[in-house]
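Listed next as structure tokens is one chain, alone, in the form predicted alone.
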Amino acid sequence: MVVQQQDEQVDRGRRVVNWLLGSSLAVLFVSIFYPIVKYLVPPKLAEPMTFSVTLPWKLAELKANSGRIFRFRSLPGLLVKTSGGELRAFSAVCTHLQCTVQYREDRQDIWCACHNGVYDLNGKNISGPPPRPLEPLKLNVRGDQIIVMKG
């Protein structure tokens, strides 16, 4: 009878030690992997509610055959003034792998430097890996102000 009580006490002690070791390992794994997962999966940023942006440049400041990057909501936008003086705006995010595109004055096209994707001045992809055209943005010119809206 005494031997059986001693065995039960030893088993109870082993269970307590096993529970403490298991809990410690679980806390260790959580403390290691939680920051890694938080880093790899960034939180979603809230999109601004505005759908239009007034650009900081005046219409007269823009040279013909030039392009400028601006911030449209949380993404970059591209404003192009063609050699004929026409304004065009696009999302400056390449449709291939989300790189920022830029206007090339010498070739008069829109270029993604990441994988050599090329778009024409209508935003249509003409060479390289981009699968879709650039997203066009609407423009509204009021006096000397340029306002860009989501189309």
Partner chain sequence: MTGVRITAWLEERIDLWPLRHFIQKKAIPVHRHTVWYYFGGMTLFLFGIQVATGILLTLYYRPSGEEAYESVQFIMTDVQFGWLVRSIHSWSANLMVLTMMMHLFSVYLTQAYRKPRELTWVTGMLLFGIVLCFGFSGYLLPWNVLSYFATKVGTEIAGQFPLVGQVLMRLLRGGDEVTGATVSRFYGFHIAILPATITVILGLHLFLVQKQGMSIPPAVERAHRGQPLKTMPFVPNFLLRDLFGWFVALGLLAALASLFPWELGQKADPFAPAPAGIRPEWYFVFMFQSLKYIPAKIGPFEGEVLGVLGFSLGGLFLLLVPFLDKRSASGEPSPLFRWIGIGIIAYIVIFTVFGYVAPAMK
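As the structure is a prediction and not an experimental result, all values here were calculated from the model. Residue numbers count along the first chain shown, from 1. Whichever C-alpha set is largest while still superposing within 1.5 Å between the two forms counts as the rigid core.
Below, we turn to the form predicted together with the partner chain, even though it does not appear here.
Using a 4.5 Å cutoff between non-hydrogen atoms, Pro43 counts as a contact of the partner chain in the predicted bound form. In the predicted bound form, Ala89 stays away from the partner chain, with no heavy atom inside 4.5 Å. In the predicted bound form, none of the heavy atoms of Lys124 sits within 4.5 Å of a heavy atom of the partner chain. In the predicted bound form, Gly13 stays away from the partner chain, with no heavy atom inside 4.5 Å. The stretch from 58-66, 23-31, 100-108, 80-88 that comes within 4.5 Å of the partner chain in the predicted bound form, counting heavy atoms only, is 100-108.
Contact annotation for 11-31: no residue has a non-hydrogen atom within 4.5 angstroms of the partner chain in the predicted bound form.
After superposition on the rigid core, the Cα atom of Ala60 is displaced by less than 2 Å between the shown form and the other one. Positional change of Pro35 between the shown form and the other one reaches 2 Å or more at the C-alpha, relative to the superposed core.
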